[in-house]
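Read the single chain below, which is given as C-alpha cells and is the form predicted alone.
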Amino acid sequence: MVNAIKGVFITCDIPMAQFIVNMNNSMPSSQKFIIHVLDSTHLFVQPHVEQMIRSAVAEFRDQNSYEKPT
C-alpha cells in the first residue's frame, strides 16, 4: 500500500536551503515542518508553513541586502 503525504516542494539555492533547515531545527519537535530533504537545493515541507517560510525568507533577504549610503 502506498502512503501519500501532501506537501510543498521547494527549490532554492544552497544557502537558502540551509537557512530553511536551520529554521526547522530551531522549532520544537512537535512543530518541525520539513518532511524530507531531497538534496542540497530541494526540500519537501508541510503545506501549512509555506507562508511562514516565505515571510522568513523575505525578512532574511531584507536584513542582508546592501543599500548604498547617501
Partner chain sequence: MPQVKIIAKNFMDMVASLTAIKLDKLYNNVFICEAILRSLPPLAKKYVLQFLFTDEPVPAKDIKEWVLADGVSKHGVAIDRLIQLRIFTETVVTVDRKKETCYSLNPTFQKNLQKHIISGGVLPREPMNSNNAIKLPSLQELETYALQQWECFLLQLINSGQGEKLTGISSSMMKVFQRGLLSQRDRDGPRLTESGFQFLLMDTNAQLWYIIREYISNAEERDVDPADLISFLLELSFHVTGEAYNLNTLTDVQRTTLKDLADLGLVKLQQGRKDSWFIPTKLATNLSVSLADSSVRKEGYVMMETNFRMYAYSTSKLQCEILRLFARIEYQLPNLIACAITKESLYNAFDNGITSEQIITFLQQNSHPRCADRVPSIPENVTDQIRLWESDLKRIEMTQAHFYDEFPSKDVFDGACNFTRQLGGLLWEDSKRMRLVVKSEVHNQMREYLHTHSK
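Residue numbers count along the first chain shown, from 1. Predicted, not measured: the structure shown is a model, and the values here were computed from it.
Here the subject shifts to the form predicted together with the partner chain, a form of this protein not shown in this document.
In the predicted complex, the partner chain sits within 4.5 Å of a heavy atom belonging to Thr11. Using a 4.5 angstroms threshold between heavy atoms, Met27 stays clear of the partner chain in the predicted complex.
Not displayed here, the partner chain is kept clear of Val21 by more than 4.5 Å at the level of heavy atoms in the predicted complex. Residues Met1, Val2, Asn3, Ala4, Ile5, Lys6, Gly7, Val8, Phe9, Ile10, Thr11, Cys12, Asp13, Pro15, Met16, Ile20 are the members of 1-29 with a non-hydrogen atom no more than 4.5 angstroms from the partner chain in the predicted complex.
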